[in-house]
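Okay, so here's just one chain, in structure tokens, the form predicted on its own.
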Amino acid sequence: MERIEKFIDNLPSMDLMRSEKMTLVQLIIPVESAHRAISYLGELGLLQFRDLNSEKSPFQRTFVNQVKRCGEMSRKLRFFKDQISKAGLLSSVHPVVEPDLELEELEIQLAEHEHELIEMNANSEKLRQTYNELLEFKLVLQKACGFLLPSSNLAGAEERELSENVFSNDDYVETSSLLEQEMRPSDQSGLRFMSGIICKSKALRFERMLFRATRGNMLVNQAPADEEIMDPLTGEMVEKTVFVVHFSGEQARTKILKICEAFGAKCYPVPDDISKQRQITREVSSHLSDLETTLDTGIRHRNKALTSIGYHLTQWMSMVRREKAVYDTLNMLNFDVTKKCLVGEGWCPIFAKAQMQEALQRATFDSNSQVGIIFHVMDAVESPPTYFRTNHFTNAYQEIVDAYGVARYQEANPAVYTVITFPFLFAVMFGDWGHGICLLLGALVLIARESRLSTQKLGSFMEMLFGGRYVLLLMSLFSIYCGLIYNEFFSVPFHIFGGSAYKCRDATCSDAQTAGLIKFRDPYPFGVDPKWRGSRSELPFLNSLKMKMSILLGVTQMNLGIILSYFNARFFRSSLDIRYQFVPQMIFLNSLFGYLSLLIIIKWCTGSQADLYHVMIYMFLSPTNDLGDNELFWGQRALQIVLLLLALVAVPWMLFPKPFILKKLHSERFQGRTYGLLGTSEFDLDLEPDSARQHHEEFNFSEVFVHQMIHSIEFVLGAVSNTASYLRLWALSLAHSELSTVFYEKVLLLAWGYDSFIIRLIGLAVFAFATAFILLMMETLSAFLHALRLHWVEFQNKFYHGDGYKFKPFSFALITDEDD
């Protein structure tokens, strides 16, 4: 046993097996070099600061004003970004790199640009509003005149209006504020009219309301406007309708005005005199022409200003984000008693200590500080954060494990084994080398475009797919491997590795697939013999094969989980967990389901017809009875009795000793007998990681006993349910194979039986659609989720606590746009 332990101790350590060793460090930074030191540490990205001002609100912290200034600058930059987007301009892909700006200089620049843009927007909005009013007035004049002029004079008036494109100043009669003049009231008792314009969508309701308000004592004429008008609020083009309402009486006029106001209709005065109408039309057209020129000039000037901002926008946003992150981090530091130094604490990996000290020395030198930054290691009582160094390949697998729970500090990492077991169990359910090739092509496309896609903003689904590109790669490769074992290419078998071992009973028979086959040569060298496809015994044979294979894979993976619990207990020096948890769990699981796996292998090797259901059931009901034809080897009955007794003994072995030993150790420690254990303040945490205690004085025997009882019952019941859960490998593999067969035989072959090219094309399209969306998307997702469940529940619950917290260093590389 000692030799085995020495061999294990001498094994080289795996980077991903245990999280990085962490240390708690303290920094004492002079005020004059604090900003530069934090900036350099942010560029390094290997220190997680502790908040030493957690009792203070954000408004009570030292650098709250600087954070507010950065927040205000972020608001201005978002305003610029929105304005550039609304103008249809694009930020520069290759921004201009300016020399380093000070925060105060950037703040002044941003304030000037914002003031300029707000002023331009206000002027543009006023001009646009005036332009819209003049355009509406022009449209009202054009349409209302047609309703007011007699039909005999209308054609002549329009000809005169169209012919007067150019006019001299002598013809211009000065009329002050004709746009604002109200229509002169005619005789109070006579017929009057009111003209205006309204949105086309409101015209019908507007007319109905007028009719009800005046009790039908009015006449409405409507005509669609020839031009769409821009809504100043939304910037969209809106269709309008010109209306003329004829009415009588002052009371009706008041009602109509109120209704117009309620519906957002604008009323414009149209004079009775034709010459005055022409004069106002010329005046409005002239104003419109001038305003168009002014608006175009303003838009060009505004776009030029936005373009110049766009060249620097990316750099400015990055700079403000970094500055805000620096001041947020400085707010986590404390002033010392002299108010001349800032004190900070944080976690860092041990391998990064030299890099951090070098960065702090550079910060002292660059800030011309007379006092250096003090960096020293502290003792920690709390558990450190968990940090795994991953790459592009292993990161996705680590994320799968972390989604269940972040590993406890220095706990065995399931991701090491998940890299292989996860895609393999997926492939057991998905096995088809035709479908595997399709997945492989998709994975290779994502990997080939990795550099380009990594810089783009992807949708949620595409981002998830791109993040798991290497998971998809291994899933596809294992699917091809399992598909070759199942001998399925879109459910069609091929003679890839030689001829079949079976032939027809009779050389003349034509129904060999149904009448039965005979074996005439050595077995097919790799995978399932293609002759099984379509035979009478195909389904029973494949069911038996895949069901037994699922049990073997499940028992193997559960044993791996229990073995990893041994390495955890050994690493944390918890001999109690090895003796009273690992050993009885291994005995219980393998006495029952390890024995079942052994029977499966023996049955495969010997070709026995023994009924394993009968063997396992009567192992519990009648262990002493003769096995008869179900006996697979000599001494099987005696072995079954021994294994059953071991399984029964293993249950109290798991349940009782550990709580009582913990109670004894606790009482001895406080009576002064175990002096060697008094020196460590983390005895409970390190030696008994599963105990319910955190401190000596909080030891509660009943709580520890209940916890151990729950854990034992969970394992005993879970050994049965988890083994049964692995049968999903068989069920999903069978479902995938049968679905593929149905689509191939009932869609593609059925369509190919017709001579019509159109029917064949339709059949091929339906088969391709079903393969892509059902087999390659839905079945892939289903197998992925089932493989995920097998790892999270059946595998990881044997050894993985997952109650740690992730290492989140202060790093500029981790700052995203959402942090604004």
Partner chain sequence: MYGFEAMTFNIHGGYLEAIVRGHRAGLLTPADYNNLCQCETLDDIKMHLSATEYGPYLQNEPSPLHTTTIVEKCTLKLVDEYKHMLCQATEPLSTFLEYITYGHMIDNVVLIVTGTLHERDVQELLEKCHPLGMFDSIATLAVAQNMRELYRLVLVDTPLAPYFSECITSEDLDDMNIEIMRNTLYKAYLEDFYKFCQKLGGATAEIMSDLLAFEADRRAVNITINSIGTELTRDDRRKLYSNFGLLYPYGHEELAVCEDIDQVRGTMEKYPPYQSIFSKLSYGESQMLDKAFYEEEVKRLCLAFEQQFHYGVFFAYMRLREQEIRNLMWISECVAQNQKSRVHDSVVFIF
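The term rigid core refers to the most C-alpha atoms you can superpose between the two forms while keeping them within 1.5 Å. Everything numeric in this text was worked out from a predicted model, so none of it was measured. Residue numbers count along the first chain shown, from 1.
Here the subject shifts to the form predicted in complex with the partner chain, a form of this protein not shown in this document.
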property: Whether 50, 287 and 325 all lie within 4.5 angstroms of the partner chain in the predicted complex by heavy atom; result: no
property: Contact flag, residue 262 vs the partner chain in the predicted complex, heavy atom cut 4.5 Å; result: yes
property: 4.5 Å heavy atom contact, residue 139 to the partner chain in the predicted complex; result: no
property: 4.5 angstroms heavy atom contact with the partner chain in the predicted complex for residue 785; result: no
property: Contact flag, residue 547 vs the partner chain in the predicted complex, heavy atom cut 4.5 Å; result: no
property: Heavy atom within 4.5 Å of the partner chain in the predicted complex - the one residue of 208, 339, 304, 452 that qualifies; result: 208
property: Contact assignment for the partner chain in the predicted complex, among 258, 200, 570, 637, heavy atom within 4.5 Å; result: 258
property: Interface stretch in the predicted complex with the partner chain - options 786-794, 36-44, 765-773, 51-59, non-hydrogen atom within 4.5 Å; result: 51-59
property: Heavy atom within 4.5 Å of the partner chain in the predicted complex - qualifying residues of 68-84; result: 68, 72, 75, 78
property: Rigid core fit then residue 207 CA moved by 2 Å or more between the shown form and the other one; result: yes
property: Rigid core superposition, residue 523 Cα moves 2 angstroms or more between the shown form and the other one; result: no
property: Core fit, then residue 421 C-alpha moves 2 Å or more between the shown form and the other one; result: no
